[in-house]
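Read the single chain below, which is given as structure tokens and is the form predicted alone.
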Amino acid sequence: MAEGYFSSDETRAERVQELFDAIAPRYDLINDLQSFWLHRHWKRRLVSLAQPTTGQRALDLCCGTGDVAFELAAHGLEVTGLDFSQSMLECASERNSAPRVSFQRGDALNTKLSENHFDIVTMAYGLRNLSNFEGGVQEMHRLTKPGGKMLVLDFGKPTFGPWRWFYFTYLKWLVPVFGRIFCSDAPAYAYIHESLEHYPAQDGVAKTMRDIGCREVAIHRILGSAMTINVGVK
């Protein structure tokens, strides 16, 4: 697609949805390969920072194939996973053996779920894909109970110049090779670099959390900010 998956126009959401529907069957495999299996550790760290307690309610937005939802459920939480890609949800449902987890289709910018309902709201590798990242943070805030935690795990933007150059070069030129080999679709995996171009990453997310009134806002930096976890308390 010459205009790119993440061009700012009225067809962006539709194109991104088509992208994730297409890559769903190989999504977990590619994530393992491009992160050297580390994404699983980072997701466990996300859940650890949430400090989950048995009996709490959690919502995992842009849940994909369910990794974070299942990890939350393993701590005794009632978990709802929401995603706009039906193919991703089908993969998640096929993996689901946890009675505390349910999946549903929806828009992370307008979930239509009850406000002040969840003790924990997470989003892993989804916020930068939304057409309005501030709107995604605001929706997380609306859904979280007062005193509840909001957590965002996503690709970051390193501030150290040489590392930033190497990191972006890897995302732009090497990650698509995995897509070509395993999905026969290199452009589909160029989406990661493309999605970061206009995304303010960890600092923008932290600013938005502060602007809407979150407290205890923190940025947890991984691998020199190649990955980051933003945390805020409503």
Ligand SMILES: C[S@@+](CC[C@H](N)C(=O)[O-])C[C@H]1O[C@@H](n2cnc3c(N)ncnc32)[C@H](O)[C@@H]1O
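Remember, it's a predicted structure, so these values are computed and weren't measured experimentally. Quick note: we count residues from 1 along the sequence shown, nothing fancier.
The discussion below concerns the form predicted in complex with this ligand, not included here.
**OP:** Counting only non-hydrogen atoms, choose the one of 60-68, 47-55, 194-202, 164-172 that falls within 4.5 Å of this ligand in the predicted bound form.
**Re:** After filtering at 4.5 Å, what remains is 60-68.
**OP:** State yes only if every one of Phe118, Lys145 and Val231 has a non-hydrogen atom within 4.5 Å of this ligand in the predicted bound form; otherwise state no.
**Re:** Result no, not one residue of the spot touches this ligand.
**OP:** Name the residue from Met150, Ala92, Ala124, Leu77 that puts a heavy atom within 4.5 Å of this ligand in the predicted bound form.
**Re:** Checking each option against this ligand in the predicted bound form, the one that comes within 4.5 Å is Ala124.
Original post:
At the 4.5 Å heavy atom threshold, is Phe178 in contact with this ligand in the predicted bound form?
Top reply: Close contact is absent here: in the predicted bound form, Phe178 is far from this ligand, nothing within 4.5 Å, heavy atoms only.
Original post:
Is there a heavy atom of Trp42 no more than 4.5 Å from a heavy atom of this ligand in the predicted bound form?
Top reply: Looking in the predicted bound form, residue contacts with this ligand do not include Trp42, since no heavy atom lies within 4.5 Å.
**OP:** Evaluate Pro158 for contact with this ligand in the predicted bound form, applying a 4.5 angstroms cut-off between non-hydrogen atoms, and reply yes or no.
**Re:** No, Pro158 stays farther than 4.5 Å from this ligand in the predicted bound form.
Original post:
Within a 4.5 Å heavy atom cut-off, is Leu113 in contact with this ligand in the predicted bound form?
Top reply: No, Leu113 sits far enough from this ligand in the predicted bound form that none of its heavy atoms falls within 4.5 Å.
Subject >> Residues of stretch 201-234 in contact with this ligand in the predicted bound form (4.5 Å, non-hydrogen atom) >> reply: Stretch hits: zero.
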